[in-house]
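Given next, in structure tokens, is a single chain: the form predicted alone.
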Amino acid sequence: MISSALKHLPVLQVVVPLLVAALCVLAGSRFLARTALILTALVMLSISLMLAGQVYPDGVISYALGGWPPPWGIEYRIDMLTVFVLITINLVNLAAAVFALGRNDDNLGRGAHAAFYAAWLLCMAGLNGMVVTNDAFNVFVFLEISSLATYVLIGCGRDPRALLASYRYLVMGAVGATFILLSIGLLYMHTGTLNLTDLAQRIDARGANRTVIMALAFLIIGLGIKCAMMPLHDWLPNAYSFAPNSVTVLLSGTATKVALYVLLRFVHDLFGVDHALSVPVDIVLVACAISGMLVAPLIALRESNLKRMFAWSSVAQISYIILAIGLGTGAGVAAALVHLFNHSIIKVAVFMAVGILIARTGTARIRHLGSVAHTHRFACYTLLFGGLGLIGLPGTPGFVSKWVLVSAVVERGWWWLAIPVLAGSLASAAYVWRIVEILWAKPADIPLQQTRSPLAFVEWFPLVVVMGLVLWFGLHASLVTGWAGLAAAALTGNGS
């Protein structure tokens, strides 16, 4: 019976949050919805870990829905790359869900909280579905499920500008989804199939033509919007800034990362590196990445809002992943995955600390937070260490990421790309130093309120755990790098 249940794990990764979301709405209880969210997040992470145990080190699980074998029916496909991303986003989901217990920064009436947590679960169901499905149209369907839920979550912030930020994301998200749907339509017109494995084989057999090239171009534009690739990033700073703090924590480690996974999967697995690079995809991705690495930190340096500053930091860090994908090698894939995981845990810790500071002081204005490190030590030290990780100093996960990325760049023969990588790190050091100077040395411009939540433990507990992970992975990099190598090998065939 146990083995019979285990074979359904791929579909349970999607079905469980969908069913619990419906139950949350029907129950209508804030307490029950919060409890269901925590338990579901724990179950989803457990399923991801069990799937990892089944495919490690180089196995593949193929799950045919409805008993229809692929490519005729919808297939869920699990390999090392899939479980790498599943564990990353579900670990972030669990941490954000626990952090949300102590937050009261949304703009909801008491009776609407059940719907809020239902939207949260729908978002995660969509993101998990995008990762596990092996059907191109299902990628679009799950993308829309997660996006619609995300618009709701962002619009629940207390700041009235949250609604505007949600609307702007909706408009840009609709444009991105349209490009993705057009890409899928062109691929279906060219090949007559939607199964990604079958698509890859047929594209490889027929070679690149105008239809395939146009589909690839549309796909990069659509996913570029979803993953906030510069210059298609406009939605992200406002969305992160004005969303509830717990939602910012969730989105920073999940939504853009899944979009990057889909981009990585399509470029390398569906189109194939040879076909994808028969047009200047590598040049486009590298150019966008360089602009993001250099421009976004400079904009962050000029920001006056703490959340918005770190939102721009996310645009910069996403650019490093884009650069790694643009290398078109197995080493580049591994570097992209290492930074995907490390940036997720670093940024989750940072946004948790930012949320606690905002809740305790009543302001997100950087110049109002002078010398606040003397009264809110742990949150400020978290920001300090997270900032060092974003710079990439030794002893932090960020150093591991950038070391692997520079190694992949040199291996590719594009050693000159190490220059913008290092320049981006120096630019990141500028805004991190600005924060350190204000939080530790400068006096506050206004008297700050000092509040304490009755649920302080559930605020600090996930932050302590995530910071522990950040410290551990900074000193023990072999687990993530080794796992990323296996995932790269699963995608490219040889990991080189």
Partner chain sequence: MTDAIPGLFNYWVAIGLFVCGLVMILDSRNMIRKMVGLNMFQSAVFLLFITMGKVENGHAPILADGISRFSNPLPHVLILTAIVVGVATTAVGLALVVRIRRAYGTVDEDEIFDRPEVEPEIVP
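Numbering follows the first chain given and starts at 1. Keep in mind that this is a model prediction, so the values were computed, not measured.
Below, we turn to the form predicted in complex with the partner chain, even though it does not appear here.
Every residue in the set L163, T178 and L182 has a non-hydrogen atom no more than 4.5 Å from the partner chain in the model of the complex. For the partner chain in the model of the complex, the listed stretch (287 to 295, 370 to 378, 167 to 175, 227 to 235) containing residues with heavy atoms inside 4.5 Å is 167 to 175. With a 4.5 Å cutoff on heavy atoms, R158 counts as touching the partner chain in the model of the complex. When the partner chain is considered in the model of the complex, L148 lines it closely, a heavy atom lying within 4.5 Å. At a distance threshold of 4.5 angstroms between non-hydrogen atoms, E144 is in contact with the partner chain in the model of the complex. Contact check for A205: no non-hydrogen atom falls within 4.5 Å of the partner chain in the model of the complex.
With the partner omitted here, the residue from A331, L194, L417, A217 that has a non-hydrogen atom within 4.5 angstroms of the partner chain in the model of the complex is L194.
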